[in-house]
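First comes one chain, alone, set out as structure tokens in the form predicted alone.
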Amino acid sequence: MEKVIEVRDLRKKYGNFEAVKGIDIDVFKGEVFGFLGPNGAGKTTTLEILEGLRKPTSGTIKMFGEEIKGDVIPEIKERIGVVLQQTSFLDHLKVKEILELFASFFKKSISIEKALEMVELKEKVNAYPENLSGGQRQRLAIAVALINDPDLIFMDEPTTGLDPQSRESIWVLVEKLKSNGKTIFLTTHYMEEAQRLCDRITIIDHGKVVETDSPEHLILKYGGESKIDFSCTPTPPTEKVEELERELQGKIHKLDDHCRIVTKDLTQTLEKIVLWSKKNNVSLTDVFFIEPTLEDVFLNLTGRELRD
């Protein structure tokens, strides 16, 4: 597969503090690549180096097969778009004028109408940024990043603080961009977002890469076991619950008005619970399956302590 980004032994020091400690990254053409990590992990520093906003202490970076030495060369800048965590606009310029300004920075650009159509802002073409909602301002920031029709798009937490509708619209846009062959480098603190959008994910912590794989494989390897929650009517006596525990070879945990069993095999465990309920004339109610998610993976790999 064609590599759009290739990073080897990337390091960044601030005095005696090493924020990035020799990481390797490969990003392939046409994929949504997730770059995740807790606060202080070195994620933002790495991203800003790749965007050309910071200089690395050492290591090699290639984009589109070209090694980056010093500043990102103009030919590569023409092929990338950047969505920052926060974007400030000149409030005295209309949406249309902002896009015209950024389009003028590049040799080629898509039409203003197409850019606004992609982010569903056509009706705001003559609006001022100060009159846009938070979601609309973020979609404008994405339109600015897309104005040069980039092959590679960096998105740094693009949906932070947005309402569910705005977040969904950006997710759909990312999926459309991928279907059109764009490569997307995404950072996010929303594990649901990463699990839905990303083809592969690198998790970084303490300046080092912890693991890289697809969301599905990460969940299988590090997500932990599945859980079944269920309630019973009537409430079975203790000896019957102990009988089920022996059958399942596991502890049944009482949680308020329901029970929970942790299992590696949902189907087999559920079959045993159903057979037990029939045998003991117990009706199962409120049965829920709780499968491991990318959030479980993230916490298992980076710890559960609070990061500030």
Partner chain sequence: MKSAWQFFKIHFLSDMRNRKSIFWAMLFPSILLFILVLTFSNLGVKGSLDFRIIIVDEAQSVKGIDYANSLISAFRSLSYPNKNGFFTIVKVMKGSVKDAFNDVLYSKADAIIEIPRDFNKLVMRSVLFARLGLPFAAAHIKVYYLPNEASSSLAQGAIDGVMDEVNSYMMSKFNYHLKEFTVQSETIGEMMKAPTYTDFVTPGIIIIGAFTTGLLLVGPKLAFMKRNMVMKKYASTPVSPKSFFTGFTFSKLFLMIIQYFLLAILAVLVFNSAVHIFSPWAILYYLFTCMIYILIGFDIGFLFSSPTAVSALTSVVNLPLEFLAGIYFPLFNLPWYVNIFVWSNPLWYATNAMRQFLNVGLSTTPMWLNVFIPALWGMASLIFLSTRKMWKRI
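The structure displayed is predicted, hence computed values, not measured ones. Numbering follows the first chain given and starts at 1.
A second form of this protein, the form predicted in complex with its partner chain, is not displayed here; the remarks below concern that form.
- Using a 4.5 Å cutoff between non-hydrogen atoms, D91 counts as a contact of its partner chain in the predicted complex.
- Interface membership of D149, defined by any non-hydrogen atom within 4.5 Å of its partner chain in the predicted complex, is ruled out.
- Using a 4.5 angstroms limit between non-hydrogen atoms, E123 is distant from its partner chain in the predicted complex.
- Its partner chain in the predicted complex is approached by V82, whose closest heavy atom lies within 4.5 angstroms of it.
- Heavy atoms within 4.5 Å of its partner chain in the predicted complex are found in exactly one of 234 to 242, 188 to 196, 140 to 148, 219 to 227, that being 140 to 148.
- Contact annotation: of the candidates S214, Q86, T160, S133, the single residue with a non-hydrogen atom within 4.5 angstroms of its partner chain in the predicted complex is Q86.
- For the residues E117, E97, E175, E168, the 4.5 Å heavy atom test against its partner chain in the predicted complex is passed only by E97.
- The putative spot formed by P74, K77 and F105 is fully lined by its partner chain in the predicted complex; each residue has a non-hydrogen atom within 4.5 angstroms of it.
- For the partner-free chain shown, E48, E51, G52, L53 of 43 to 69 come within 4.5 angstroms of its partner chain in the predicted complex, judged by any non-hydrogen atom.
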